[in-house]
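Listed next as structure tokens is one chain, alone, in the form predicted on its own.
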Amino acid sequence: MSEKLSRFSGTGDYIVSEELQNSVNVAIALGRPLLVKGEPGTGKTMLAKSAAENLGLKFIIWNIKSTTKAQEGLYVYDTVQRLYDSQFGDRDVSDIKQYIRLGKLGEAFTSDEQVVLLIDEIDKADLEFPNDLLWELDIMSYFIPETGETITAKNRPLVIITSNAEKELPDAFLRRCIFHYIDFPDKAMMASIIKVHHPDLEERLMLQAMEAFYSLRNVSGLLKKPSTSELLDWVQALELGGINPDRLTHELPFLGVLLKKNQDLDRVPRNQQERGGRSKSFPYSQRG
């Protein structure tokens, strides 16, 4: 077990805390899904991609929508195509197996190599969705009644499940998962993240941008707080625009990179929003 627990350590462009690293490795060692929560922009989805890259595994993504059903992750029986072929085609429609298409979970189970399976934003689906996957994720197997075939995992995948906490997940589902909440990066961690993505960024510009960014996140009543990815875009915009770091002590140029809702823009005092003096090298429309 100690050997397995030292496997995942992040990648060059994805920095992980020791606690998150341990959670991934415990999930690997115990063969349990890892459920990751955190506010948008904290790197939940990128965690799975990073794990696949770091471990040298194939990466499969199952993007969940409000209309997604658990059955789709197992297999889909194309009855429409079979009906069409029976009326107009020359195929032997008695072979139902040719009309069975495996879903993302089926792909992960039948892969000859171990994979990382990301079930992204599970809380977007209806309340029954997690319960409908309990058994399959537990025993790593499922039955296709149309063909009488049982699909069993050749190699247990590393399953990473993300949630934005839009809905509460069932207790029975939670009991089968390793859980980790990704806290929003503190300033030290954020500085490390910025340096990974923008290694040549001027130190003073980075520090002033971070100070303004965290102050902005503390503005009361924001409908959507700016995230890490938006800060990365913002510092790049500041650099391309040739913005003097001193301006950030009293102005927030390119505010539309950070805030995406009119109501949030209106909460920022006008004296902190950009006043004239737009950069010639980087034209900017505040709300555009």
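These figures come from a predicted structure and were not determined experimentally. When you see a residue number, it is the position in the sequence shown, counting from 1.
Beyond the structure shown, there is the form predicted in complex with a small molecule, which is absent from this document and is the topic of what follows.
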**Item:** Touches the small molecule in the predicted bound form: residue 226 (any heavy atom, 4.5 Å)
**Value:** no
**Message:** So, residue 266 and the small molecule: in the predicted bound form, are they within 4.5 Å at any heavy atom pair?
**Reply:** no
**Prompt:** Does at least one non-hydrogen atom of residue 197 fall within 4.5 angstroms of the small molecule in the predicted bound form?
**Reply:** yes
**Message:** Please tell me whether any heavy atom belonging to residue 39 falls inside 4.5 Å of a heavy atom of the small molecule, as the geometry stands in the predicted bound form.
**Reply:** yes
**Which of 39 to 47, 248 to 256, 217 to 225, 52 to 60 lines the interface with the small molecule in the predicted bound form (heavy atom within 4.5 Å)** = 39 to 47
**Asked** Among 30, 138 and 178, does every residue place a heavy atom within 4.5 Å of the small molecule in the predicted bound form?
**Response** no
**Asked** With the small molecule left out of view, which of 70, 232, 64, 26 would have a heavy atom within 4.5 Å of it in the predicted bound form?
**Response** 232
**Fill in**
With the partner omitted here, the residue among 193, 151, 205, 96 that in the predicted bound form has a heavy atom within 4.5 Å of the small molecule is 193
